[in-house]
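This document starts with one chain, in the form predicted on its own, laid out as structure tokens.
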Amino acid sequence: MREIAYAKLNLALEVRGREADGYHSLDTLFAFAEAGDLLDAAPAEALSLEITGPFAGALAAEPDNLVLRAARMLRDLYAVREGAALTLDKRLPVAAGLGGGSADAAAALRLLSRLWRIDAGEGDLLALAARLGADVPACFLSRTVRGTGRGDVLHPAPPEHRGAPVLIVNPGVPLSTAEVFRRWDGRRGGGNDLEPAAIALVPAIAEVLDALRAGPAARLVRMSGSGASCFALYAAEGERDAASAQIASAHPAWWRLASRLR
């Protein structure tokens, strides 16, 4: 069995404030690309995880890997006696503002619920997802939703951009979410309140945004999450592909993903 861990994008992200415990309250619009990491599962007596793919080197299959944590929590909650041999094909860069581990954990919940034939409703699995991280519930749904609280209180949102061609670009520099939030200066505006803090840490983000905006066909250009990945939406796949080719020529070291929004 296979699940896609869909790449998460923030079409908008407003930081409402810093809470007493150090976390931040947000108001964000989640959307998801059709592409992402791939998670495979096969029946087995024990739980195991193998990580492959172009970004496998940035991760280790240690016990606190989010995929294994999700698998153990699901198995324990529903008293499952089976195991699973899991293989994660890590195709998205790590620490990139694309959901990463949260999307992988969410895919594990969806995939193992099928493999283990668990009779659980969406609400039950969302509650379990929330225990794994603030982004995991949205990643579990993998559809356009508005997130408030820490991003884990979800509200229906119209899928205005469903099917829109999207180009995601990363300059190849990992970025700590915690450090970006620490650098947030309280200012708002610009579609993603974390952009100034992220750019201060990784100036190449500004170059990526400029490169995406340089294409006249881009309808919306933003940084996703806490960075460093940025994206642009287009009206047609040909416009997206032309922009991708132009950026590849000018910046061959940058990572790119051409997809569509779900």
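Just count from 1 along the sequence shown to find any residue number. On a predicted model such as this, the values are computed, not experimentally measured, just so you know.
One more form of this protein should be noted, the form predicted in complex with ligand C5P, which is absent from this view; the next part is about it.
- Gly147 falls outside the set of residues with a heavy atom inside 4.5 Å of ligand C5P in the predicted bound form.
- Not displayed here, ligand C5P is approached by Thr177 to within 4.5 Å at the level of heavy atoms in the predicted bound form.
- Put simply, Pro171 is far from ligand C5P in the predicted bound form: not one heavy atom of it is within 4.5 Å.
- By the criterion of a heavy atom within 4.5 Å, Gly133 is counted among the residues contacting ligand C5P in the predicted bound form.
- Note that among 177 to 185, 158 to 166, 73 to 81, 113 to 121, the stretch whose heavy atoms approach ligand C5P to within 4.5 Å in the predicted bound form is 177 to 185.
- Distance criterion of 4.5 Å from any heavy atom to ligand C5P in the predicted bound form singles out Leu26 from the list Leu68, Leu233, Leu26, Ala41.
- Counting a residue when any of its non-hydrogen atoms is within 4.5 Å of ligand C5P in the predicted bound form, there are no hits in 1 to 19.
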